[in-house]
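Okay, so here's just one chain, in C-alpha cells, the form predicted on its own.
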C-alpha cells in the first residue's frame, strides 16, 4: 500500500508506517498518543501542553501538504495551488501558536510530540487517499475540536488564545472544503479511487487500534487513560456544512459518533 523504500518506513507494533519527519533536537518524538503527556483540566501546565501539541500538529499539516506537492507533480494545477496555499496557512498557524506558547511561559520541546498524522497519511500511495485522510478526516476532526476549544479558553479568561484558535478554524474550513470538492471530482473521473479511499480508511482504523492504549494502562504522567467513548468531540455541524460535507454525510457521522440526539435539531437548523 505504501510503495515506500524500507529506509523510508518504521515498524511500530506490527504496523509499517512512514518514518517520522525531521525535528529539532529539543523535541522528543514518540510514536503514539499512549506515550504523550496529556494534563487534565486547564491548569497552567495543561495550557502549555495543549498549545505545544497543536503547534506540532499544524507543523505536520504543512509537511503533509508539501509532500503531496512533491509526490504528485502530475496533479491538476488548481489542486496544487490549493495545497500550496494550505502550506502557507498552516505556517501562519504554527507561528501564531508558537508566539502564544512563549507568551504563557512555554517553550518548544517542553513536551513529547507525535507525528501520527504524517506517518499514516504519507504512507499512502495516492493523492485521493491522502486527501481523504488528512483533510477530510483529520482536519475535519479539527473542525469539531476547534468548534469547542475557544469557549474553554475564554472560561479561564484567555481571550487571546481563543482568538488564535478561531482564526485557525476559518482556514481549516477551506482546507476541508477543497479536499471534499476535489475528491468528488476525482472519483467521478475514476471510480477505482473509491477502493483506494476505502483501503486508506481501513488502514487508519487498523493503525489506530494497534497503537491505542491498553485497558488499565497508565499515561506517562501516571493517570489512567480516558475511555475512548469519553474522548469523542461533539460534531461541529455548521462548519462541516461550510466545508462541503453533505447533510447525509453529517447525519451518518453523527450516528457513528453517538450524537443521534442532536440530529433532529441539526435538520431543523
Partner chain sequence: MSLSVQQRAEFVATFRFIQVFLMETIARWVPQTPEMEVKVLFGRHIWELAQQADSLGKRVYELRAPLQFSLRPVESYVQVLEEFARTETTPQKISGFYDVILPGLAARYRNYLERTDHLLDEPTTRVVEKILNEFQKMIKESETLRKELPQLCLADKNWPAHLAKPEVSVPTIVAHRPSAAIA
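Numbering follows the first chain given and starts at 1. These numbers come from a predicted model, not from an experiment.
The form predicted together with its partner chain exists for this protein as well; it is not shown, and the discussion that follows is about that form.
- For the three residues 138, 144 and 175, a heavy atom within 4.5 Å of its partner chain turns up in the predicted bound form in no case.
- Here is the short version: of 118, 153, 111, 182, the single residue with a heavy atom within 4.5 Å of its partner chain in the predicted bound form is 118.
- The single contact residue among 243, 200, 237, 55, judged by any heavy atom lying within 4.5 Å of its partner chain in the predicted bound form, is 55.
- Only one segment in the set 186-194, 164-172, 84-92, 124-132 has residues whose heavy atoms sit within 4.5 Å of its partner chain in the predicted bound form; it is 84-92.
- Put simply, residue 219 is far from its partner chain in the predicted bound form: not one heavy atom of it is within 4.5 Å.
- Taking the partner from the other structure, its partner chain in the predicted bound form has a heavy atom within 4.5 Å of a heavy atom of residue 63.
- Of the heavy atoms in residue 157, none are within 4.5 Å of its partner chain in the predicted bound form.
- Contact annotation for residue 212: none of its heavy atoms lies within 4.5 Å of its partner chain in the predicted bound form.
- Using a 4.5 Å cut-off on any heavy atom, the residues of 42-81 that reach its partner chain in the predicted bound form are, in sequence order, 55, 59, 62, 63, 66, 67, 69, 70, 73, 77, 80, 81.
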